[in-house]
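Okay, so here's just one chain, in structure tokens, the form predicted on its own.
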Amino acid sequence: MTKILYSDDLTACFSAWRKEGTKVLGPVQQAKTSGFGEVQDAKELDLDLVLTDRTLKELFFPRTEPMLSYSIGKQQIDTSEFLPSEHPCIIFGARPCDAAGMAIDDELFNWDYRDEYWFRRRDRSVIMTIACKESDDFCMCTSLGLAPDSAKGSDILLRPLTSGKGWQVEELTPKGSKALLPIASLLKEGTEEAAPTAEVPVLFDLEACTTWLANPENFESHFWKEISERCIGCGTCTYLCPTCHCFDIQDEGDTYEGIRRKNWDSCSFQLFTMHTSGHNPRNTQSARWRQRIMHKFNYFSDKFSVHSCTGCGRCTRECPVDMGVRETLQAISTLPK
């Protein structure tokens, strides 16, 4: 028998979790865009989206956040550290490609230093993903070795029922099993079948791409200039990516008091690698686009044995000049090795 969560019981589930002191977040419409926000009622969720505009990453790695405040007196300097809330939360209705991005970035944020800003949020959160039964032309999870029902990064996987009235519930981690305890009475035992997952075609030969990128002779290839001619360096692709993690640190204030703040940054920006001397080792957009692709599919995978991409397709879907990772890898996979 399989555990079943019916849609009609969802609001009651949310109420049960909140009584335990747990916040519930899910995909919602926010003005003209969609992202993840706190919800009280199941009616607030938009579960029909193929994918939210904003990524799950923003819940763990905000666009901007304070790190510490400082105050300089005549004989002393006082500092106060800001740390994320440890309030527990359940994220309901994320897509597998977004959850996979969290698992990929776990490796980075626990590499040479454990980032408490990231892991305080990760440790207090349970991610409940819904397997995708629909996709669009930009989805490419299968090209990256993932799938519409990948379990990577998820604590609980929900498979939509063929009737559309709920989900099969699969417990993936101890944290996920614990999160189901307050709603145990709302989970039914049943044999209703799950709907088939979306068919996402493989769009490029990933192995051929990584082989070409690993060849030092291709670093100065004219290909980079040709493929990046349309890029305007807006950073949309990096800001909407579930795995991009670059940030800058700025002090805001004056000589006597202020706040040290962490802000998202992007390798697509001209100033990203600008030296104080005025020298910029990546002074062309082609060099910056090359860095983006090399980092995701060469440097990152060499260090962590996983590519820094989940195939969500947002970089192509939202690009103002209709380019992205997909087109680049499709082109690379056809080049002579």
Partner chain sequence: MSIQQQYRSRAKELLQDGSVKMVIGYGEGTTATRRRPIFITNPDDTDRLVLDAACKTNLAGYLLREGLLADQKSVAIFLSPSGVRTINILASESQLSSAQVVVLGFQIQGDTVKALEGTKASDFSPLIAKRKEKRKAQPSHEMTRKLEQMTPAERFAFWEGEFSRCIKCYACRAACPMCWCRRCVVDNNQPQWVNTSSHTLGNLEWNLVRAFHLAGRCVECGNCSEACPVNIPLHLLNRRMTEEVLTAFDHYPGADEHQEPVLASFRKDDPETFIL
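Since the structure is predicted, the reported quantities are computational estimates derived from the model, not experimental observations. Positions refer to the first chain, counted from 1.
Omitted here: the form predicted in complex with the partner chain. The next part is about that form.
Using a 4.5 Å cut-off to the partner chain in the model of the complex, not one of Ala12, Leu49 and Glu199 places a heavy atom inside that distance. Looking at Asn215, you'd find every heavy atom of it more than 4.5 angstroms from the partner chain in the model of the complex.
Interface residue remark: Ser277 is not counted as part of the site for the partner chain in the model of the complex, having no heavy atom within 4.5 Å. Using a 4.5 angstroms threshold between heavy atoms, Arg261 counts as touching the partner chain in the model of the complex. Contact between Thr22 and the partner chain in the model of the complex is not found at the 4.5 Å heavy atom cutoff. None of Pro84, Pro88, Gly145, Gly233 but one reaches within 4.5 angstroms of the partner chain in the model of the complex through a heavy atom, and that residue is Gly233.
None of 207 to 215, 149 to 157, 104 to 112, 234 to 242 except one has non-hydrogen atoms within 4.5 angstroms of the partner chain in the model of the complex; the exception is 234 to 242. Heavy atoms closer than or equal to 4.5 Å to the partner chain in the model of the complex belong, across 127 to 158, to the residues Asp137, Phe138, ordered by sequence position.
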